[in-house]
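Have a look below at one chain only, the form predicted alone, in structure tokens format.
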């Protein structure tokens, strides 16, 4: 890092000089995506700043999507945000890979349950219908960016619980004689729920994007309801509309 000290700011906005210093290093590619920044203590000692001032500068850079913090690991330079069109029938693996980035999916848990009255209404099925609950964490370039909570109708996808559910469900469906035919999408800007923030290894209350997706088969039956929680700085929603 350069030796220019941000303590020369007459207005006392020391954190802005520190913020500008790291932004410059990132834009000049002196710091690359995935690089780890020095610890807050080391930054404070180098620039003769308090821990509070250092944290303020780093949190400003985080809000701009330039860096991110992993609990108990420190601060890292963010990889590029992935362009995502949730209306397209492309798997997470496919659209991330096509952008030159490395995707990974981790299956956190899976469970077969019987639909109670509320779930039966949501899935438009009968009470007692077997449903598969999935909980997955998805990463880009080793950085957790997305938590998924999914509910699948096992009656329509018999035996799917025996598959490797860290893989693309989109590619798996034809094996069960099903395809996605129609979709309902809901987007919501929100503070990440405690559980999603913990799964992503970030502080509770950070902003995020919630996407609810309901997928139907050709017969109009609900195959799956998917709740996604994205880091706010990890995704750019792009939806193209052409013609009438």
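Keep in mind that what you see is a predicted model, and the values were worked out from it rather than measured. Residue numbers count along the first chain shown, from 1. Rigid core here is just the name for the largest C-alpha set that superposes within 1.5 Å across the two forms.
Here the subject shifts to the form predicted together with a further copy of the same chain, a form of this protein not shown in this document.
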(Q) With the partner left out here, check for me: in the model of the complex, does some heavy atom of residue 186 sit within 4.5 Å of a further copy of the same chain? (A) yes
Q: Using a 4.5 Å heavy atom cut-off, state whether residue 17 contacts a further copy of the same chain in the model of the complex.
A: no
Q: Report whether the minimum heavy atom distance between residue 60 and a further copy of the same chain in the model of the complex is within 4.5 Å.
A: yes
Q | Partner contact for residue 191 in the model of the complex: a further copy of the same chain, 4.5 angstroms, heavy atom | A | yes
Q: Report whether all of 34, 97 and 175 sit within 4.5 Å of a further copy of the same chain in the model of the complex, measuring from non-hydrogen atoms.
A: no
Q.
Looking at 87 to 95, 163 to 171, 147 to 155, 117 to 125, which stretch has residues with any non-hydrogen atom within 4.5 Å of a further copy of the same chain in the model of the complex?
A. 87 to 95
Q | Listed residue (51, 48, 181, 29) with a non-hydrogen atom within 4.5 angstroms of a further copy of the same chain in the model of the complex | A | 181
Q.
Suppose contact means any heavy atom within 4.5 Å; which members of 222 to 242 contact a further copy of the same chain in the model of the complex?
A. 232, 236, 237, 238, 239, 240, 241, 242
Q: Determine whether the C-alpha of residue 221 shifts by 2 Å or more between this form and the one not shown once the rigid core is superposed.
A: no
